[in-house]
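Presented below, as structure tokens, is a lone chain in the form predicted on its own.
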């Protein structure tokens, strides 16, 4: 049977045909991947969720207060919204204070967007939720037809850490081009800390992160007529405290050939598939990224343990940019 062309098929074959095999982490999130990621976020080792949840539970009013320096009202846009369990605290406060009445979640998962459009109206009566399914920048372009006023864009969960630092800088610089003067960005960064704490977060005792990674191979089997034997791959995470990069791999436990329809992919014993990175930052790197990509940092919001940071940036006016030179 011939498999129809698709972005998924193209990207998988390109990644598995590379000298260093890789798969793009955006494809983790099918229905099973969504469910597994929710379980990861609830695992005891995965400190990131509770740290950012604490920030938004305790400091949403302070975050909104900082935003009000720029706009009395604004639409709230969320990139990679997930189940909105953290951003819900901010949305509730914004609605109660009459600061925002429009929430636009963007996510690559149609399952997530469907859930939000169904569930949020009951939790946030008076706030309009309209979701967009697809790549962030394509959806921001489409969103601009619906949202004409000022925006607060949320990019939470340390999702920026799923990119290498140079890639993250280019992402922020491109994001800047979709925003207007005075628009705001609340972005989450996982901070450098005890290496053992970081590594445990990506190697939980229950094996949920392992299953999350292996599910991408299962998805390839389901959707691309693949024949991966998941038992012949093992999950291997590693953290480098020097660079701040926590990387995950799947290791082939034997020499094998995998087929995707009529495409053959050969693996040597112990050959790795690079799955994802979770980059950790210090404050100097975060401030530098903001300014180099065209934003001005406004205020930083930490959890009590200072494991995690949600930082508020704005798009400065051309006049202020010229004046700072």
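Positions refer to the first chain, counted from 1. None of these values were measured; they are calculated from a predicted model.
Keep in mind that the form predicted together with a small molecule is missing from the display, and what follows is about it.
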| query | finding |
| --- | --- |
| Contact segment among 178 to 186, 157 to 165, 221 to 229, 67 to 75, judged by heavy atoms lying within 4.5 Å of the small molecule in the predicted bound form | 157 to 165 |
| Contact at 11, 36 and 217 by the small molecule in the predicted bound form, all three, heavy atom at most 4.5 Å | no |
| Any non-hydrogen atom of residue 41 within 4.5 angstroms of the small molecule in the predicted bound form | yes |
| 4.5 Å heavy atom contact, residue 136 to the small molecule in the predicted bound form | yes |
| Touches the small molecule in the predicted bound form: residue 151 (any heavy atom, 4.5 Å) | no |
| is_contact(residue 244, the small molecule) in the predicted bound form, heavy atom dist at most 4.5 Å | no |
| 47, 281, 295, 29 - the one with a heavy atom within 4.5 Å of the small molecule in the predicted bound form | 29 |
